[in-house]
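The form predicted alone is given below as one chain in C-alpha cells.
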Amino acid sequence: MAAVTPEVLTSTHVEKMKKKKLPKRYWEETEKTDQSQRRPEEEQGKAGQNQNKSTVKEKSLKRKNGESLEKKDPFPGEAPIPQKQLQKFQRGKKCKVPAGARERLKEAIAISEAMSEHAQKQAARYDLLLPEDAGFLEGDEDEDTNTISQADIADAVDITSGSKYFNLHLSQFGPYRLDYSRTGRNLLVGGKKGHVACIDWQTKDLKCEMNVMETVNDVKWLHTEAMFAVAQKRWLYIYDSKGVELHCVKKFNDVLRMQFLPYHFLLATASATGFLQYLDVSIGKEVAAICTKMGRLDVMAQNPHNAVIHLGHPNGTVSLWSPNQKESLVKMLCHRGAVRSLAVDKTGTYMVTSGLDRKLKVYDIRAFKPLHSCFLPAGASCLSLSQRGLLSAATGEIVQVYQNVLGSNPVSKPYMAHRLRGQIWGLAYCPFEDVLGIGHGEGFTSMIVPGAGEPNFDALDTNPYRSHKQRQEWEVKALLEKVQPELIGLDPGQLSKVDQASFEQRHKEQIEALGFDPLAKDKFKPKTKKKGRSSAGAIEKRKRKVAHEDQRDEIRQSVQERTEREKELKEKSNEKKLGNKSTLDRFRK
C-alpha cells in the first residue's frame, strides 16, 4: 500500500473547527473595501482606521457597562399645544376647594379637574384633524360684496354648491314658515293656508306633502327627522315623516310660535292667550304651563346655551323664562315700541332684537346691557343668526346679511343682500351648510351665504350622514342622557359648583320648612325608681343636676380657650425678652 502523504492528511474532515466570527452590530463599521480595489491613498490612511477601531472598542465597553448607544430624542415628550388653541376648548374656571373640606371632596374635585384638563388637551390636539375651513365672499377692488347676485355666485362655484341656490314657487298657499332639522339634511315648510311639506333639500326628494285645511301658524322638527309638530289654528298636532297624524294635543290651543329644546326633549309653545307651555315629547306630558300676563306672544327664541326661552312683548320688553318658575327670570326694556323679532347666538352670550322703533340692537346677556344699536329705514321683521355669527335681517322684500355684528363692533354696511318677490315671513340658517332658507309670500328660496355654516360637525351629536340604524342608536342614547327640566336656569355652570351655604343658614331653612328643630335635644325625663326614690323632691333634685348642662359645657370651653390664649401670650413675651438680650448683657451692672 502506498504511504499517506501529509497533504492528504491536511484535507481530512477531522480538521479543527474554526471559531465562528460574531455578527457585526449596527454601530460597527461593516463597510470594508476589498484589497484588490484599495487605492494607494487608502493604504496611507491606516492611522485613521486605527482610530475607528478604538472608537468601536469604546462603544463595546459602553455596551458592557449598560450605557445606551441610541440617539437621544431632541424633542422628548408630547408636542406642546399653543395657548390660543387651549383657550378655544376651555371649560370655564377651575373649581376652588372650599375651606374645611373633607379629603373625599378634595379628591373628587382634583379628579374632575384632571379629567377636564385632559379632555381640553385632547380636543386641542385633535383640532388639527379638522381641515375644513369656513368660506367667505371676497369682491374685486372697489367692489361691494352686497352687489354680487345669487346667480353670479351659483355660476362661479362648483355644481354641487351651485345647486344649493333654488326657488320653490308656491304662491297659492303662502306666506311660508320653515325649519331645518338639527343635522341640516331635511327641510320643513308650512304655508299660512294649510300647506305642509318636508323635503330632503339636498337631493330634492319629497318625503311628504299635505294640506291640513286649516291655518298653520308655525312648524317645528322634533328630536329626529321622523316627527314634526304643526301649530294649527285651534290645537297642536304632531305628525310623522310620512304625514300620518300621531297626536292632537288639545291642552295646547291657539299656539303661535314654537321652540324645541333637543337635550331636554321639551317643546315650548307660546300662545295668543299669553300662556307659555312646555310639552315633554318623550313621555307626552305637559311639564309646565305659565301665564305670562303679557298679552299675545308672537315673538319667541331660545338660548341654546342654557335652554332659557326669550319672549318679546308689545310693550317693548323681552322676558326670560324657565319651566321651574311662574315668574320671569329677567325682564329687559329693549325698545320704545313692540318687539318684532329675536335671535340668540349659540354661545348664549349675545342677543339681537328688532322693534317697531326701526332699531336693531345687540345685547350682552351676561350683563343685560346693550352693546350697540343701529337704525334700519324699514325695520327688521325677521332675524336669524348663523353658526359662525352672521346675522340676517329681513326688511320687507329684501334680506340683508351682516358680518361681525356680535361684539363691540358697530353694525356696518351689509355683507350680502338679496331681493325677493313676496313679503318675507320666516328666516333660518341651515346647520353645517352655507345656506339661508327664506320663507315668503311666493314660496321658498334657498340662498347661498359663504361663511355661514360650521364646516366641522360632531358625529356623535349631529351627524348629517348617519344611517337609519345610527339614528336609532343615537335616539336611545339621547333618551338615556336626557336633561331634566328642573336643571334649566340662567347659569348652567352652577350645577358643578359646591354649595358653600353655612350650616346655620341651612338649619334655619330646615326649621322653617318642617316647623320644628330636628336637631334640638329632648327634655330630660327622670326614670321612675322604687323605694321612695321617685318622690317629687328626689325628681326635682335630679332635674337640677342635669339642668344647665349646655351652659356648663360652654363655660368650660371658654375657660380652656382663655387659658390657652394666656399661655400663648406668655410664650410670645418670653421670646421677645430673650430675643432682645445679647451676650454682652452679662457684663453690665
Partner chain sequence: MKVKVLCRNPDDYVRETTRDIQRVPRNYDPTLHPFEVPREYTRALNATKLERVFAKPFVASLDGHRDGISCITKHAKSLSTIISGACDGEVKVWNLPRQECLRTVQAHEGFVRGICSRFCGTSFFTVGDDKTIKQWNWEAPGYGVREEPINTILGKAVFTGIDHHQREGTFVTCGQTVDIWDEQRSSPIRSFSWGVDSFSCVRYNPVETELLASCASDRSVVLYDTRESAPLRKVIMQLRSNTLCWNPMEAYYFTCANEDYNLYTYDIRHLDVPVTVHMDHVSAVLDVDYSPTGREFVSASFDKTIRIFPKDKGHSREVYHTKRMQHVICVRWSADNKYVLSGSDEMNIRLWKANASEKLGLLSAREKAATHYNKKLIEKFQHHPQVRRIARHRHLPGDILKQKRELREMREARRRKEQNVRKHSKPGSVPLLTEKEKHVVAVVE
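Just so it is clear, the model here is predicted, and its values are computed rather than measured. Residue numbers count along the first chain shown, from 1. Definition used throughout: the rigid core is the maximal C-alpha set that superposes within 1.5 Å between two forms.
A second form of this protein, the form predicted in complex with its partner chain, is not displayed here; the remarks below concern that form.
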| item | value |
| --- | --- |
| Interface stretch in the predicted bound form with its partner chain - options 74-82, 346-354, 188-196, 204-212, non-hydrogen atom within 4.5 Å | 346-354 |
| M258, E475 and I511 all contacting its partner chain in the predicted bound form, non-hydrogen atom within 4.5 Å | no |
| Its partner chain contact at K88 in the predicted bound form, heavy atom, 4.5 Å | yes |
| Its partner chain contact at Q172 in the predicted bound form, heavy atom, 4.5 Å | no |
| Its partner chain contact in the predicted bound form: S384, any heavy atom under 4.5 Å | no |
| Heavy atom of A459 within 4.5 Å of its partner chain in the predicted bound form | yes |
| Position in contact with its partner chain when the complex is considered in the predicted bound form, options I283, V244, A156, L519, heavy atoms within 4.5 Å | A156 |
| Listed residue (W425, Y278, Y180, F432) with a non-hydrogen atom within 4.5 angstroms of its partner chain in the predicted bound form | F432 |
| Heavy atom within 4.5 Å of its partner chain in the predicted bound form - qualifying residues of 299-314 | P304, H305, N306, A307 |
| Large Cα shift (2 Å or above) at K242 between this form and the one not shown, core-fitted | no |
| After fitting the core, R336 CA displacement of 2 Å or more between this form and the one not shown | no |
| Is_shifted K477 between this form and the one not shown (CA, 2 Å cut-off, rigid core) | no |
